[in-house]
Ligand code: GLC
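So this first bit is one chain, no partners, the form predicted on its own, shown in structure tokens.
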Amino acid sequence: MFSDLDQGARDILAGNDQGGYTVPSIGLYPYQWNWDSAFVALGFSTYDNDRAWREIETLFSGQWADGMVPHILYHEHMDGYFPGPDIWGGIGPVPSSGISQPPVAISFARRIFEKDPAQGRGRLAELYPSMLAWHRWFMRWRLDEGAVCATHPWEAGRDNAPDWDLAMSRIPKDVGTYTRCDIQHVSPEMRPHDDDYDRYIWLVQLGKRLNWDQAQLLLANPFRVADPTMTFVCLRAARDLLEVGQELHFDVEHLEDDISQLEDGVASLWNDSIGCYDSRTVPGGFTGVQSSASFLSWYAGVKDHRQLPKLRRALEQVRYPVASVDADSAEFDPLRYWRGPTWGFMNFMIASGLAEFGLEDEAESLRDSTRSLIRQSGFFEYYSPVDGQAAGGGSFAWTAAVWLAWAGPYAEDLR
């Protein structure tokens, strides 16, 4: 079966396809973004498995010698985007940023392989050492009490989340003059404030000054936050690396220990005072923020239903859940990026985890509301959870991919 929206989603992926990699949104995000590409690959896999593999292979073509896979790869020079590769001073084989993003590409490579093991076995085997090196990079440089830290808000992928407010307050804003390009494409009310951006750029400048030496950055970087998104995604990726490594007969000796360490990290993120998983500022302690990332625990394979009351409340308190920040909190802003809006790809990860643990009612409720949201407002970057208003970039690749892989009425079951 096939629908007009299925065709529209395919058209978006084709229109954003640059030949081997896909930009998230023409103009607003004109390069290859790390976790965006992972979702795009999953979308392609619903009708073109070879193209799905090429998306992930192109992402890993930018992997640094230390194992890090950057969050942006600048495959071609384009005017009018800030910050460009010269601002970052990346040290990899492809001009890039100097930070990473949650490694959903590892888990989605497994899903794409399982769709067609005969075609994918060789390609996954070739990628496996690179995926393992990326995992080990996180384990070496990003842990605090076993939880995975973000060292830049962009690294966590939730750029202006209130989880970062305390850590961001430590960062200077004296970065010189620059021109923001994002607000030339999207209303400023939907984007981070200028003060946030100044601090983002200060962190970039720090990394460039230190030539992205992780040991030096560990000492010098004032931004370090143990993050649910990073921790849950890294734990899921480690589980998938173990399963795939056993399937392909790779050495997986240390992965069980890594999984145990990451599970300890998950435990360190439980904030009993708010009844859900929370970020921890390092040093500093819990941020007191219930976010959509809190509910990725099931996606990570964590059998812990203590926050089910919070999840069920989140599914009911707005028309189009899950709000990226608790809609009853003072920080909630329904249109400003990660301070309130609903994101289709987060809903997909939350729901797929719920389904895996047999929480079918909650999973299907979230799929139904996401399907209705996209039908109402189209393939946008994110949406108001209150009324479904489209926000951010249009013709957005990962939303199109989520429709094809999960939200659409003819999508296969991805439990």
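All residue numbers are counted from 1 along the displayed sequence. Given the structure is predicted, the values throughout are model-derived calculations rather than measurements.
This next part talks about the form predicted in complex with the named molecule, which is not shown.
Each of 33, 337 and 381 is positioned with at least one heavy atom within 4.5 Å of the named molecule in the predicted complex. Using a 4.5 angstroms threshold between heavy atoms, residue 159 counts as touching the named molecule in the predicted complex. In the predicted complex, no heavy atom of residue 392 sits within 4.5 Å of the named molecule. The named molecule in the predicted complex comes within 4.5 Å of a heavy atom belonging to residue 29.
Contact annotation for residue 100: none of its heavy atoms lies within 4.5 Å of the named molecule in the predicted complex. Looking at 57-65, 358-366, 35-43, 372-380, the stretch with residues near the named molecule in the predicted complex, meaning non-hydrogen atoms within 4.5 angstroms, turns out to be 35-43. Residues of 371-406 placing a heavy atom within 4.5 Å of the named molecule in the predicted complex, in sequence order: 381, 396, 398.
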